[in-house]
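A lone chain, given as structure tokens: the form predicted alone.
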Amino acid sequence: MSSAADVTPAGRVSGIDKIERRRIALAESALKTLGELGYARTSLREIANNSEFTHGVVHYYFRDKIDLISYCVRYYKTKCAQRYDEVVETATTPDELGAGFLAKMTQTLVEETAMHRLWYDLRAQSMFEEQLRADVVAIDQLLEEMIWRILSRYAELLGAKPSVDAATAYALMDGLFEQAVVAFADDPTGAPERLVQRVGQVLPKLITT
């Protein structure tokens, strides 16, 4: 049951919840522009011009471009980190888990390429923008844990154990995925196929039988 602090007497959402909901709406609106233009070419005014929100409204909820972009990528990548959970929870064989993992991976590559480009752009920028580093580290940790859940369950279904640690597994999978994101712009048909082949080759090698 909600407390009095959460809901007004009329049942309306509290001020804090309204602010967060508006920030989410702004983030969802901004993600398309960010994905198309990238970090360096995007300003708060550009985001406002390509959304239903005014520049003043965007600036009210986010203090600057870094604040907005960090929030957007955090919001998007948190959802990404959870999208494989159903596959991990429902797969009953190694082949089923592998197939589900590859299907989800290629789906997000094809349907959300712009968002992944933005993430890799932001991660590179964090080497120069100190304000970005904490968020990038946190997102990387979420994604590393996601890959580890997949690999651990895959090993369990094989009656085996992972042959590498979580950081190494993530580096390998993320490297293959980043290559696919870069290649997708020039080869939208071949890039997903190569990603499936390469991940399919690497995944069994990360298990000690």
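Note that residue numbering begins at 1 and tracks the sequence as displayed. What you see is a predicted model, and the numbers here were worked out from it, not measured in a lab.
Another form exists, predicted in complex with the DNA; not displayed. Remarks below refer to it.
Checked against the DNA in the predicted bound form, the residues Leu44, Leu172, Ala166, Leu143 give one hit for a heavy atom within 4.5 Å, which is Leu44. Within 4.5 Å of the DNA in the predicted bound form, a heavy atom is found for none of Tyr71, Val73 and Lys79. Using a 4.5 Å cutoff between non-hydrogen atoms, Arg22 counts as a contact of the DNA in the predicted bound form. Contact annotation for His59: at least one heavy atom lies within 4.5 Å of the DNA in the predicted bound form. Interface membership of Lys65, defined by any non-hydrogen atom within 4.5 Å of the DNA in the predicted bound form, is confirmed. Taking the partner from elsewhere, Lys32 is found to have every heavy atom lying beyond 4.5 Å of the DNA in the predicted bound form. Stretch 47-55 is the contacting one of 158-166, 47-55, 145-153, 177-185, since its residues have non-hydrogen atoms within 4.5 Å of the DNA in the predicted bound form.
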